[in-house]
Each structure stands twice: as C-alpha cells, then as structure tokens.
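The data below hold one chain only, encoded as structure tokens and taken in the form predicted on its own.
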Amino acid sequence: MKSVKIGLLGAGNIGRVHIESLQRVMGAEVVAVADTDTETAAAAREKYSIPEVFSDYRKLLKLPDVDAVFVCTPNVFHKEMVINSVQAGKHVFCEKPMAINAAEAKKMVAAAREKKRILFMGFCNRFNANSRGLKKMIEAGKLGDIYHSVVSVTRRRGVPAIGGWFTQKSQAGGGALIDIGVHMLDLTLWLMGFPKPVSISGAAYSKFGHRKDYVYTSMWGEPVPGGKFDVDDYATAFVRFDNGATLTLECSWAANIPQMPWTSYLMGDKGGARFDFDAGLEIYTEDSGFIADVKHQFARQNNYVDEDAHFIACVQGKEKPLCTGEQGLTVQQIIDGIYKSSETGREVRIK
C-alpha cells in the first residue's frame, strides 16, 4: 500500500512533536508544512528535511498528493482549517481541544460528514498502555457498572506561555480547563463508554496568571511579557449523564496545593480503578472473599507514535478511528457547560 502523504499546519511545539512521531511511522510521509511564521516553517524544513513549506496553509491544501493534514495551530484556527481541509478532500487530524466552543465543533463535524472525510481528534492519552489495558478490562466487565468517576488534572505552577495565545480567551477559548482538563476528561469519558452528558454544574477561577509577581516551576512555551491573561487557571465541575452515572473534575494551571499526578478514579459495582501516568494502573476489587488491590505493569510506549500510526491506518482503511469528531464535540459541550455554569452560577442542561 502506498504511503500516506501528510501536510502539517502549524510548526510550533506540538507540530514538531507530530513530525518526529510521524517520521517513525511506517507508511507516513510528511511532505509539506505551513506556518505563518516563516522562520519557524523554514527551521522545520531544515531540521526534518520537509520538501515544501508555505506561509499560507491554503496553498498546501492545493497539493494533489497530500492525503491528510495535521492541524497543530492555536485553537482559534481549528474550525476554519478543518473545514477548509475536508472541503479540499483531505482527511484531518485535529489537535485538542477541538475548537474554542461547541458551536464551532459542531460545524467541523458536519463538514467532515458531508465530505465523507475522517475527522480525528488528537487525544493522545487514549494510546497510553495503561489506559488501553484498563479499557480492555472494562469491556470485559471487570469493573461492572461504572457509576462515578473522579478526575484530577492539577499543576502547582504551570501556566503555559503566559501572556501568549494560551492565556487569551479569544485565541484559546479558555484556560486550564480547555488546555489540560480536556485530556483527562476525554480519557475518562472514553473509559466510561462515552455516556451522554445531560447537566453540568461548574466554577472557573482566575487567581494567579494575571499577577505580575507570578512565580513558577515550569512552563510550556515562552512567556510573553505584558501579554494578556483573561482565562481560568482553576476549574471544578460536577457532570450528570443520561445513564445515571456522574463525574467530578478539578484541574489547575496554578494552585496552592501539592503537585499531583493526573489521576482518574473509576467506581464500578464489581471493581474500581485508579489510573495515573506516574503510578500506573491499580484495580480495587474482591478475590476469594477478600478485599484485593491489584497493580498492573505495562510496557512504556510513545503515545504520539501510536496515535499517529493509528490515524495513518485509518486513512489507509485498515482501522476505524478511535478518536472521532463526534466525541470531540461531546467533550467540547461539557467544557462549554462548565464555563456557562460558572458565569451564571446555575446548573446547565445539555441539549
């Protein structure tokens, strides 16, 4: 089978991550990159030996041999780029979050359906060996009926590229919730079987990012002195689903709490599970009349390589997409609901 030729939209941090992973995937070939920052695009071409580079992504979409594109740009551009890409006949891998709101996400799903193109969401944590192992256990009935989950995605001090697009609502759609909360929210929903959300209560806070005396221990990207910060650095929520299950969530870029691993607890009537990326996977159950805790060991894998390899296989028709645009829309509806509940001080119903 011929290789899948890829065009990459956005050659920043996450774009380079995907270039490097795609170069390790059999059957994938990155043939073009587009970025409005010509220096960034040129640097990517030189480092990764990419044949063609554009400052206007629309010119890349005109290349007849490009089969699929990766959208790795700031959130505000996702809708336009995805819709234009599927209309150009390309399959699309869209990095998380799907868009800046659910209304945009809905249009993206509709466009992909109309053109019969794949719209694949970049939720890399589903490809972690622990999460895939737990999914198999859940599908085998090891946990029984999962009725509640507790999701924690917290950083002590970890606002990304403060002052840049990450911290501007007009560019990102939100802050900690839409940036890192989306990761564990999607993963937990997937493990639960993606029940339909029906109501949400939430609160979002902005307590640290706007401070001139903000101190930090780590930062993704470079800070922009004097830049804007008008998004959340902490959010919490309670979600009800149509099958009676519930979920609680807390996430932070910055908070006066100990640095903790990203964790998801799932509670089932036959067993429970604790998943995190540091300690791995533990199952809480019963065995021979005794309470039992079981710790599982899995080989470490590269989430991005496995994710990108799966997408390539989907484009080749070998596999069905694990991370769909419809699921991305559901996640976006929950995020929108949390923000709306925080603004109104009321529970939000999801139609």
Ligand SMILES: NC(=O)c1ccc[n+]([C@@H]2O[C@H](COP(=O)([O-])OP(=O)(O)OC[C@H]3O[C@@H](n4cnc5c(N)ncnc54)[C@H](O)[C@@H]3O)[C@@H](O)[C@H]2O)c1
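If you're wondering where the values come from, they're calculated on a predicted model, not measured in any experiment. For every residue, the number given is its place in the sequence shown, counted from 1.
What comes next is about the form predicted together with the ligand, which does not appear here.
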Non-hydrogen atom within 4.5 Å of the ligand in the model of the complex for each of 154, 194 and 350: no
Option touching the ligand, based on a heavy atom within 4.5 Å in the model of the complex, out of 231, 134, 159, 72: 72
Per-stretch contact check against the ligand in the model of the complex, the hit in 338 to 346, 20 to 28, 7 to 15, 325 to 333 (non-hydrogen atom, 4.5 angstroms): 7 to 15
Heavy atom of residue 96 within 4.5 Å of the ligand in the model of the complex: yes
is_contact(residue 319, the ligand) in the model of the complex, heavy atom dist at most 4.5 Å: no
Residue 77: touches the ligand in the model of the complex, heavy atom cutoff 4.5 angstroms: yes
Proximity of residue 90 to the ligand in the model of the complex, heavy atoms at 4.5 Å: no
Neighbours of the ligand in the model of the complex among 209 to 235 [non-hydrogen atom within 4.5 angstroms]: 220
